[in-house]
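For reference, the chain that follows is the form predicted on its own, supplied as structure tokens.
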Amino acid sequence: MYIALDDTDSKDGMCTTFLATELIKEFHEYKLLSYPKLVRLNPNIPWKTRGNGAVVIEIGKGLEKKEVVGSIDEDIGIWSGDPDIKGRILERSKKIIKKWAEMEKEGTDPGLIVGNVRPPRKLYEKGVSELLDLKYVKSIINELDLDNWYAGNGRGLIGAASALAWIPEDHTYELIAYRDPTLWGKERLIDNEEVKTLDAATEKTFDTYDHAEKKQAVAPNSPCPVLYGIRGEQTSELHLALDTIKNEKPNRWLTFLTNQGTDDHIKNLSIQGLEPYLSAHIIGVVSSPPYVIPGGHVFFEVSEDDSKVTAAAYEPTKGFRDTIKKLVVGDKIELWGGIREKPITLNIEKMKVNGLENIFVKKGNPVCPHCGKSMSSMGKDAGYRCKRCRSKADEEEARVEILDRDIKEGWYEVPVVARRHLSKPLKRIL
């Protein structure tokens, strides 16, 4: 039996993943049959709260414990067993949501789905990359006869259904540690050096420590129940955090299977095909010099045939903007990023430089082929003439050298502190 929920947090607090731990506690008579899933959806949705993540748990009659994936008062394991549970569990799930969700906050519109069938993966593909219509999602829920409940405008059903439809083609994991409720809203005392040590001790974790900014990237900034989250490709490495990060011990922890760091939100599109709220991978040529506006944001234009789009590296991308400033007209690049609506702008998540335009710098006037002396300019764009033998040379015959561009072909990405949950880090690409 699957339980999927979304939109139980607010910009001020709570966390949908915490409700997953409460649901596991609530249904103690059943067992967890697979990793709980944390599914990030379209990061460009204008009404999202924070990370736009929904969760799914699968429970049933357990037969044999397979592995420990968390601790909520006691070790939580994944079991083999029969996922078919008789009876309704919707009402008990609703009570958990009503108890913990930030339902009184504007923009918090919980959605809950309970059932033993899943929507087609196509729904997830739309939910992670497009704007979905609630009426369309409800029609799928009704067609599959899934029990459901929602509050507010019902947008939480979109996230819950999309998450339930996720069948991983690529995946990562995140171990999330939660604080004692008495500490919620208080400062997290996460030691930078401890996180740096964890980052150095693991090969398959990512987005843990930002070496450029010299800052840990595991603790959220909001006053939510989360103490820290460690992302990676191997669960055994994630467990090291429980012994390495020591200043505050977690009250509970749970390991999620996630779509984070997969680029599942990205569509390969032409510049002409870009639309608001999508995330795209485009190939083009730099067609305007980068320029900086007040606030430190850097913009330039990218063209493909007769189409062009403005690309942006905003202030939070820090040193990545310095790389963007080194681009010149004619450079061949690929960009990955989200599309904002007004004006249509691609917010860069990462870039690949495929070809650099040569910049020629005049080194000196032409040398006369007869006299061996340097020739003199006859004026702007008028060419050159030898003072001794009166021989002439065109402008393009001046001695030039190729300028060192201080940028190389290859990959570039925004720093860890500015990276979106879904964006695939270069550590997982190269």
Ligand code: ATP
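Each residue number is its position in the shown sequence, starting from 1. Computed from a predicted structure; not experimentally measured.
This next part talks about the form predicted together with adenosine-5'-triphosphate (ATP), which is not shown.
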item	value
Partner contact for Ile158 in the model of the complex: adenosine-5'-triphosphate (ATP), 4.5 angstroms, heavy atom	yes
Non-hydrogen atom contact Gly51 with adenosine-5'-triphosphate (ATP) in the model of the complex at 4.5 angstroms	yes
Any non-hydrogen atom of His171 within 4.5 angstroms of adenosine-5'-triphosphate (ATP) in the model of the complex	no
Touches adenosine-5'-triphosphate (ATP) in the model of the complex: Ile45 (any heavy atom, 4.5 Å)	yes
Segment that reaches adenosine-5'-triphosphate (ATP) in the model of the complex - one of 123 to 131, 332 to 340, 285 to 293, 197 to 205, heavy atoms within 4.5 Å	123 to 131
